[in-house]
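Starting off, we have a lone chain in the form predicted alone, written out as structure tokens.
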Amino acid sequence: MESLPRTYVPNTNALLLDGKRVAQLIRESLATRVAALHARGITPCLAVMLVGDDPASHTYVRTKAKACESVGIRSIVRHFPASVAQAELEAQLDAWNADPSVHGVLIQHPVPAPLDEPALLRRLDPRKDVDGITPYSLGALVAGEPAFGACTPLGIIRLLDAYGLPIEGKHAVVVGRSVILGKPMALMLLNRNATVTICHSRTRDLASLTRQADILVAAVGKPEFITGEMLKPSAIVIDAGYNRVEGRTGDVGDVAFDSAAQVASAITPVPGGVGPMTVAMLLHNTVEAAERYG
């Protein structure tokens, strides 16, 4: 990857971690790999299962489909009403599992209740789990065995690497324990030889732990929850939050950016930080699946 320009948050010493730029470089590399697959007669294909009418989910799916097109990946979107039967969704997964032209499958979260999303994830062929969140993929991550990594934490690791920010030997604090972000994030950091602390909504005296973090990953789902006063001087701050706040334009992260940037040595913006990296890793995993199994 080419050398990245070092841009700093105005009036601070905090390096701005430009996920949008890094993701673009990854996409350019993927386009070359996709062209090589096309020359072999293989078109990488991502199939997306979208259930219900959640506006955010529809926006995410459109974004992912556009990103696929930008690098030459074919995308298929099957939209089902919230009233769909579980058996119909399972039949669609079975069809995609058996289809050699489909290399990756994404079950867009959340699948509305009373449908059983965990059962759908268990049914998905792990070789096509390009979102990296099935029990098999997470178990492989625990065991240190090959599997597709969950896209957001994988994107965070790639972003740190792109800027040459060391992980080994650092104390990383992850605020959040979701199965798609907090837990796999902690495992990936652990696998890179960081010392890891996981915090959550019931952690007592959270600030006493966040102030120990050389690397802080905020994934708690609360707008501007992490403030500069909760940070260790020169911490690397990764904001994986996207929150809608009434009266505010656009998304708001889990970190109070202005105050955090006064303390941090490096920080991700929202938007333009973690989000583009998540999409880039979905494309990366899909291309990997086509290369491995195409």
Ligand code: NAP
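Residue indices: 1-based, along the sequence shown. Source: prediction; values computed, not measured.
Not pictured, yet referred to below: the form predicted in complex with the named molecule.
Q: Given a 4.5 Å cut-off on heavy atoms, tell me which of 29-37, 42-50, 234-242, 65-73 is the interface stretch with the named molecule in the predicted complex.
A: Result for this chain: 234-242.
Q: Are all three residues A219, D254 and G275 in contact with the named molecule in the predicted complex, where contact means a non-hydrogen atom within 4.5 Å?
A: Yes, all three are in contact.
Q: Which pick from R177, R211, H79, H171 sits with a heavy atom within 4.5 Å of the named molecule in the predicted complex?
A: Answer to the contact question: R177.
Q: Would you please decide whether L189 lies within 4.5 angstroms of the named molecule in the predicted complex, comparing each non-hydrogen atom pair?
A: The answer is no: L189 has no heavy atom within 4.5 Å of the named molecule.
Q: Within 4.5 Å, heavy atoms only: does V130 come near the named molecule in the predicted complex?
A: Taking the distances in the predicted complex, the answer for V130 is no, it never comes within 4.5 Å of the named molecule.
Q: I'd like to know whether S83 contacts the named molecule in the predicted complex, with contact meaning heavy atoms within 4.5 angstroms.
A: No.
Q: Looking at the partner-bound form in the predicted complex, is A207 within 4.5 Å of the named molecule by any heavy atom?
A: The answer is no: A207 has no heavy atom within 4.5 Å of the named molecule.
Q: Using a 4.5 Å cut-off on heavy atoms, which residues of 152-171 contact the named molecule in the predicted complex?
A: If the 4.5 Å heavy-atom criterion is applied to the named molecule in the predicted complex, 152-171 yields only T152.
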